[in-house]
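Given next, in structure tokens, is a single chain: the form predicted alone.
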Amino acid sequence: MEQEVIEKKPQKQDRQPGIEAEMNPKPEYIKATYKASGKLNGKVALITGGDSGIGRAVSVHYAKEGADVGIVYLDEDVDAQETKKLVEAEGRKCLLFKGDVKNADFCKETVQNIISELGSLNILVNNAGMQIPQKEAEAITEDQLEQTFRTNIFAYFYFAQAAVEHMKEGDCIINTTSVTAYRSSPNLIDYSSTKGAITSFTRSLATNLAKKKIRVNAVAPGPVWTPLIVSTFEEEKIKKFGSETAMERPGQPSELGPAYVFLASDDASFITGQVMHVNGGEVVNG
């Protein structure tokens, strides 16, 4: 299976964000057996980090379920164009927004642009993220700390603030947190701190927006085979990646996509302020 290939042929990339087109083996973004049922017909979704990895999986699943999609990405043009092609192959519209989510003005302008182009915004998926492993806490520089927090949590605020102005009853926000918010991750102290912040952000924003009947939830992935992994970890870590889970393998983005579909759909109409754990069997609290 794919996990055996990953263990035999780990591939390290030299810069972040990683490029899915250059991964070997490539992640699976949707299962061939996935059956869509129009759960998101007529919806418009904006997905940050939507060009690759979990973001690509969400984009393609949403398109299959009937949503038009806007994809926010940094500079991975090849990946973004491929995801656009996949979305359009499902007969849906796909807009690409290239820029830095650390920039508040870019986030606000992106929300305005997708509404101008597609007429509404029903689903915001805050998913873009970065991580820089460090073996020692004192190795985390002030610059690294700021970049990680601005990318992983500030941007979620920026997009949510801009989106909520245009959302209506039944619309929703879905944030990508992480299993690292719930258990120790000694080499990712700043990253896991941002993921803890995202979890708290999700819960507090959910109760704040409940009166407007806008739902806010999160997905907490465990180890998932994405470009972020091959662009940040060393080869030995990549070889063993995911082996610590009960299933003894990393997840595929295709195994995350349906969770985002569920939380965006009317099936989750009585769910807000919650975190869905898709992590291969890691037991967590919270």
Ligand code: NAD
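So that there is no doubt, residue numbering starts at 1 and follows the sequence shown. Owing to the predicted nature of the structure, the values given are computational and were not obtained by experimental measurement.
There is another form of this protein, the form predicted in complex with nicotinamide-adenine-dinucleotide (NAD), and it is not shown here; the text below is about that form.
Visitor: Please identify the residue among G196, P133, G99, G170 with any heavy atom within 4.5 Å of nicotinamide-adenine-dinucleotide (NAD) in the predicted bound form.
Guide: The residue from G196, P133, G99, G170 that makes the contact is G99.
Visitor: Scan L228, I30, I238, A259 and let me know which has any heavy atom within 4.5 Å of nicotinamide-adenine-dinucleotide (NAD) in the predicted bound form.
Guide: Of the listed residues, the single hit is L228.
Visitor: Residues D51, N127 and S178 are flagged as a possible site; in the predicted bound form, is every one of them within 4.5 Å of nicotinamide-adenine-dinucleotide (NAD) by some non-hydrogen atom?
Guide: Spot residues vs nicotinamide-adenine-dinucleotide (NAD): full contact, yes.
Visitor: Tell me, please, which stretch of 110-118, 71-79, 202-210, 84-92 lies within 4.5 angstroms of nicotinamide-adenine-dinucleotide (NAD) in the predicted bound form when heavy atoms are compared?
Guide: Heavy atoms within 4.5 Å of nicotinamide-adenine-dinucleotide (NAD) in the predicted bound form occur in 71-79.
Visitor: Does V224 reach nicotinamide-adenine-dinucleotide (NAD) in the predicted bound form if we count a contact as any heavy atom within 4.5 Å?
Guide: Result yes; V224 sits at the interface with nicotinamide-adenine-dinucleotide (NAD) in the predicted bound form.
Visitor: Would you classify S192 as touching nicotinamide-adenine-dinucleotide (NAD) in the predicted bound form, given a 4.5 Å non-hydrogen atom cut-off?
Guide: No - in the predicted bound form, heavy atoms of S192 and nicotinamide-adenine-dinucleotide (NAD) never come within 4.5 Å of each other.
Visitor: Contact with nicotinamide-adenine-dinucleotide (NAD) in the predicted bound form for T151, defined as at least one heavy atom pair within 4.5 Å: yes or no?
Guide: It does: once nicotinamide-adenine-dinucleotide (NAD) is placed as it appears in the predicted bound form, T151 has a heavy atom within 4.5 Å of it.
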